[in-house]
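This document opens with one chain alone, in structure tokens, the form predicted on its own.
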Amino acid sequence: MVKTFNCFELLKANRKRRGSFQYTVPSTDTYPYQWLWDSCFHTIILSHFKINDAKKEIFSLLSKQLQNGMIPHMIYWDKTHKTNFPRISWGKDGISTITQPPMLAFAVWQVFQKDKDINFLKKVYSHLYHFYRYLLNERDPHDKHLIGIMNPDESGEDNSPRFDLPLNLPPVQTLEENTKRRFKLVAQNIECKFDAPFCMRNFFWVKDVPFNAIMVTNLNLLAKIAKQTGNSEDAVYFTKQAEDISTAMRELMLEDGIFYSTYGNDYKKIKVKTWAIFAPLFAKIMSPQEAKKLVADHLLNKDEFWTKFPVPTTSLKEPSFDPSGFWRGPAWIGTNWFIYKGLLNYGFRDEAEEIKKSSLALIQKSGFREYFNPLTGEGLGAQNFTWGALVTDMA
């Protein structure tokens, strides 16, 4: 078994400081900056070891919040760092102008569960309020109660086959082809000044299943944070928004027992099976019967997702499946964590335990790698990658 001590040591080794701020990079060699949902993961992990370090991770993220409430998905604290990570011109100095899956309330709530520090909640509440209000107001221009993303990178899964159709790319492609298309999108978004409703209408508008499922879970937790800080009216509002998104997901995404991401003004379904079909379990959106069928027919299906080292990010049956293709097939500990939590929500303890065991086996076999071949367990991508430490939170 991977020692939790090693997990903490990994995050300490990837720790950086800039002025009064402390943050963790996913990998010192490959990803030497700060990312939004990565830091939320880091906060969750650090809450098991040193609560003050977990809080510092949050404060560093919030320090770069934009005036409109958006929190950028990247912070370039040290732009002089030598790295192969591509230099992207976002139109802002030191930060990106897109966001990432809104895991912030979850991370904050987990910290609060450890030490019940109301002052911490009060310090961060206004930041959370404005971030989630930004998503609710700016990313749902048709008032359909589904949050849109304007770049695949906002999903956290840059080249997932879920985005091939709206990017006008074929199922079989190179990472270079995908990256070129996404960089073009950045240029187009700079043109439209990252005005989300306008940019989404004209260039790229996906209502992604995991993003919205994560939003539902986080809005419900934000309602709890609001209650704790004396903002009872906000709590009612955020609870209602979570209910509205859940309802909209069922109405606009669900077909034959599977939730599919949609795109464009007419909300066309993107019928590609990736790990995203299990994300509604994380938000408790499915009925027990629906969850049972999803797990039996797809998760435990050896021709789809139940590989030697589950869970691949893309079904083996998809033409886009590539066991070493970044987000097009490899297993990631982060997505395993979401599925693990979702399974526990519905009482699938044995299946959740198998995913935990598989995650540990991947790290034992190949170390803390960025992602893994789900057929062989071979480690791929960045080394000393922090997401592996999420096994600490699989308990």
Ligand code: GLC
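We number the residues from 1 along the sequence you see. If you're wondering where the values come from, they're calculated on a predicted model, not measured in any experiment.
We do not show the form predicted in complex with this ligand, though everything after this point is about it.
Q: All three of Asp38, Gln100 and Gly156 touching this ligand in the model of the complex at 4.5 Å, heavy atom to heavy atom?
A: Affirmative, all three are within 4.5 Å.
Q: Tell me, please, which stretch of 52 to 60, 357 to 365, 339 to 347, 323 to 331 lies within 4.5 angstroms of this ligand in the model of the complex when heavy atoms are compared?
A: It is the stretch 323 to 331.
Q: Test of understanding: in the model of the complex, would Pro26 fall inside 4.5 Å of this ligand by heavy atoms?
A: Although this ligand is absent here, Pro26 would touch it in the model of the complex, with heavy atoms inside 4.5 Å.
Q: Does Glu351 reach this ligand in the model of the complex, with heavy atoms at most 4.5 Å apart?
A: Glu351: no, not in contact with this ligand in the model of the complex.
Q: Can Trp387 be called a contact residue for this ligand in the model of the complex at 4.5 Å between heavy atoms?
A: Trp387: yes, in contact with this ligand in the model of the complex.
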